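There is one chain below, alone, in structure tokens, taken in the form predicted on its own.
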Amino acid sequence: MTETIELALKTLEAQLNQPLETALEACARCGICAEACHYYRAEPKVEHIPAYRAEQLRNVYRYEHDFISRLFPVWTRAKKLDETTLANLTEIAFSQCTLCRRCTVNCPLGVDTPLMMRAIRAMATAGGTAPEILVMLADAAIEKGNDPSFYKEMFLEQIADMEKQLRDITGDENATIPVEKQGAKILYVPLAGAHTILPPAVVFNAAKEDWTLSIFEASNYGVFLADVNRAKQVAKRIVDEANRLGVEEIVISECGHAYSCYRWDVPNWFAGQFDFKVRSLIEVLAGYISDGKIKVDPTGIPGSVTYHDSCNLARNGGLLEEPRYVLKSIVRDFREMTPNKAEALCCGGGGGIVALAEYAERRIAAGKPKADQIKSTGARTVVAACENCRLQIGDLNEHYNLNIHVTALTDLVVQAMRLPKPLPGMEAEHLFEGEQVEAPR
């Protein structure tokens, strides 16, 4: 047995807890999960049935844990893990499943197929067959946490430039983007890029919030690798920063997997060291509008708008009504996709696949059901409160000629605040080109 296979099998064994063993043993092979999967909807073939994908791991599991399967593998379709099998499993887990869990919520037995796909991803990472770009991105984030001084000066220069934009947009010469503010109430953790810093900064300043900006980004590529060790190292940067600054809560940027990670996993990983409330920026926006801390025009967005439910925020995170409350507070013509909320179709960009150029064609094909869903609403603007979803829907827009504008929820809120200047790229004539739009007041 090669070292690669030995590491992969050891990783499988280490994960065999009750939830995973239940998932491996409980499937009735009924096929109900097929129609729940966007891959199968886009291309109905047996390889795209979630139960079939899970069966490939079960074959290896049987060989390792069932005496009869070892003696008569043909009878039970058991398969000894080798390099070819591991390579096939890796491709299945990283390119044919976005871990959206729609199959699980529609399974009459509650079989958690994504849990099995994560087990495969962990095996692939341990065995060295996981996508190299995801490994590199995770390791780069860890290194950044080890020595933030290497990039911190440049980061602070960028924030200073961004503050000038902030003051220009708000008309407030006192507007700031605080960094490393001791004792702040909120530690806001953005993604990489000004587009996830400037709009929230506009909102925080308008709400007169006591906040500070994290010097790290919310993305955690260790999660996509199902590598708990790497994921914990990436998350530790934020945990240490929050403890050092003495904040009361952590607010996560519009990002599905980051919210899921910090809301559910991190408190367990760092029990005793993590005493912070964790909220999504979406929840904060809803609270500010409800409490009157920011003023928005209820007719601020005149064009037709629909909302895409991120799998990690909605189905897996429970954030169903908050984004709709925000949108209904600012949008004249809000149109729901069908199905939506916990039953929403995955856009096809989750699970880290957006970063994997080698699977781009497969990713775009799997997004066809979402593209059709968007098109059927007739809406010209699609709001997606997740970076990967926005990237994917942007690609779907181009490929399927949807003629839509894709935006973050915070950007639309800022637009509805009727500030002296709009955010870059958020001018009304650009957003709602071809629709009847009122000029900003």
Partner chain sequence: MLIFQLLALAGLAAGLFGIYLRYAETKRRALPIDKSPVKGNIPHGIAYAFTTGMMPWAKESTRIHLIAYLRGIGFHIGIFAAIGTVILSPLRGFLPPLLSSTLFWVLILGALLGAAGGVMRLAEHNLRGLSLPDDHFAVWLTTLFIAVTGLGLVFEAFVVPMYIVSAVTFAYIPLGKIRHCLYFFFSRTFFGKFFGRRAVFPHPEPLK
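Since we're looking at a predicted model, the values are computed, not measured. Residue numbers count along the first chain shown, from 1.
One more form of this protein should be noted, the form predicted in complex with its partner chain, which is absent from this view; the next part is about it.
Tell me, out of Asp240, Asp333, Glu163, Glu343, which residue has a non-hydrogen atom within 4.5 angstroms of its partner chain in the predicted bound form.
Of Asp240, Asp333, Glu163, Glu343, the residue with a heavy atom within 4.5 Å of its partner chain in the predicted bound form is Glu343.
Pick from Ser260, Gln96, Thr90, Asn205: which residue has any heavy atom within 4.5 angstroms of its partner chain in the predicted bound form?
Comparing distances to its partner chain in the predicted bound form, the residue within 4.5 Å is Ser260.
Tell me, yes or no, whether Leu71 is in contact with its partner chain in the predicted bound form, where a contact means a heavy atom of each within 4.5 Å.
Output for Leu71 is no: heavy atoms all beyond 4.5 Å of its partner chain.
State yes or no: in the predicted bound form, is some non-hydrogen atom of Glu35 no more than 4.5 angstroms from a non-hydrogen atom of its partner chain?
Glu35 belongs to the contact set for its partner chain.
Within 4.5 Å, heavy atoms only: does Val247 come near its partner chain in the predicted bound form?
Taking the distances in the predicted bound form, the answer for Val247 is no, it never comes within 4.5 Å of its partner chain.
Contact between Thr85 and its partner chain in the predicted bound form at 4.5 Å, heavy atoms?
Answer no; every heavy atom of Thr85 is more than 4.5 Å from its partner chain in the predicted bound form.
Of 249 to 257, 312 to 320, 298 to 306, 166 to 174, which is the one stretch near its partner chain in the predicted bound form, taking non-hydrogen atoms within 4.5 angstroms as near?
Partner-contacting stretch among the options: 312 to 320.
Since the partner isn't included here, can you check whether its partner chain sits close to all of Arg362, Ala365 and Arg380 in the predicted bound form (heavy atom within 4.5 Å for each)?
Zero of three within 4.5 Å in the predicted bound form.
If you apply a 4.5 angstroms heavy atom cut-off, which residues in 48 to 76 are near its partner chain in the predicted bound form?
Residues within 4.5 Å: Ile49, Ala51, Tyr52, Glu55, Arg62, His65, Asp66, Phe67, Ile68, Val74, Trp75, Thr76.
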